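First, one chain by itself in C-alpha cells, the form predicted alone.
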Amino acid sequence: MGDNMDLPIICPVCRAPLTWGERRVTCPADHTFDIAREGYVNLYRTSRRRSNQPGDTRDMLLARRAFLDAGWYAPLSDRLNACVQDFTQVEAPASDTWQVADIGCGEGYYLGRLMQALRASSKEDRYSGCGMDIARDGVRYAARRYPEARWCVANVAQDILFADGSVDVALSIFAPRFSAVIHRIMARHGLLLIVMPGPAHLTALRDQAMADVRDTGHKVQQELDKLLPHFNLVDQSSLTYPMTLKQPDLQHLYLMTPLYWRSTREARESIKNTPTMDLTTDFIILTLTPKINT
C-alpha cells in the first residue's frame, strides 16, 4: 500500500492519531502496535478480552470464504459497489482521499471487492479502506488476500477506532450496529450502507435446520428505530434472487450462519446429507446519511 494511504485510525489507549511504519504502528504518546507479517494490526486491548478467540470461529470464517468465493453473494457485493461508486461521483470527500470503513468486516470479502472496484474505476489513487473486526482469524485472512486496504483487530462494539467525522463511506454487512458510535466517525455528508437479512432470507434452509425459528419481520423497523435518531434514511431497497445450492456450497452456507449454532444434531446431519436445495436470498439494504448536529 502506498504512502498516501494513511487512515484516520486512532490509538485504543489514548485516542491520538496512529501512524503506520514498516513494522509497527505508533501514536505521539509512543503507544506501539506491531504489524503482523500478514499486514494487519491488532488494536484489541488484551486487558479487556473476554475470551481467547472472540467473534466468528475459524470454521465459520473458512466456510464463509469458501461460499463467497463461489460467487453466490457477488450480486450483493456488486450492488453495494455501484452504490458507493455513484455516491463518489456526486459528493466530495472530507479530505483529499475517500476514507472507507467496513465495521465488522469478517474475512474482508465486501471491502476487498469494493476497494478493487473503486481503484479500477479511477485513474487517481484516491481511496483508503480499512476493515475492523473482533475476529483475529478473519482479519488475518482479509489482510492476506486484500492488500488494497488496512485491516485491524478491534472490538467495534466497544469503540470504532476512527477519528471523529473522518469516514466518508461506512459499511455494516450482517454485523451488529452501534448507531451513536457510527455517527461519531461519519463525515458530515458521509454514506452509511447497512445490509440485513429480510424475513424471507433462506427460509428453506431455516425450515430444514429446525432451529429456533424467529420472527424477523420486525427487525428492519427495530433497526431503524435505533438509527433514525442519528441518521437520515435515504433509501431502503431489497435484493432477492434464487440459488440452487449443491454440496459443499450448501454446507458452507449453513456453517457460516447463526442457524447452525441453533440447530439440533439431527438437523445438522440432515443438511450435511442433503445433496441440493433451492433457496432464495432476501437482502435488505439501508442507505443512510448522518444527521448534522447543530
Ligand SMILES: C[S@@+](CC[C@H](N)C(=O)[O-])C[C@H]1O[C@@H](n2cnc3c(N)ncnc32)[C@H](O)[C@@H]1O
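In this text the structure is predicted, and so the values were computed from the model without any measurement. Note that residue numbering follows the sequence shown and begins at 1.
Keep in mind the form predicted together with the ligand is missing from the figure; the text below concerns it.
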*Classify L224 as contacting or not contacting the ligand in the predicted bound form by the rule of any non-hydrogen atom within 4.5 angstroms, answering yes or no.*
no
*Taking the shortest heavy atom distance, is I182 within 4.5 Å of the ligand in the predicted bound form?*
no
*asked:* Although the partner isn't part of this model, could you tell me whether A157 comes within 4.5 Å of the ligand in the predicted bound form, counting any heavy atom of the residue?
replied: yes
*Should F174 be counted as a contact of the ligand in the predicted bound form, where contact means heavy atoms within 4.5 Å?*
yes
_Answer range among 98 to 106, 83 to 91, 141 to 149, 182 to 190 for contact with the ligand, defined in the predicted bound form as heavy atoms within 4.5 Å_ = 98 to 106
*Heavy atom within 4.5 Å of the ligand in the predicted bound form: which of I134, M196, L205, A117 fits that? Just give me the one.*
I134
*Though the partner is not shown here, which residues of 65 to 82 have a heavy atom within 4.5 Å of the ligand in the predicted bound form?*
L68
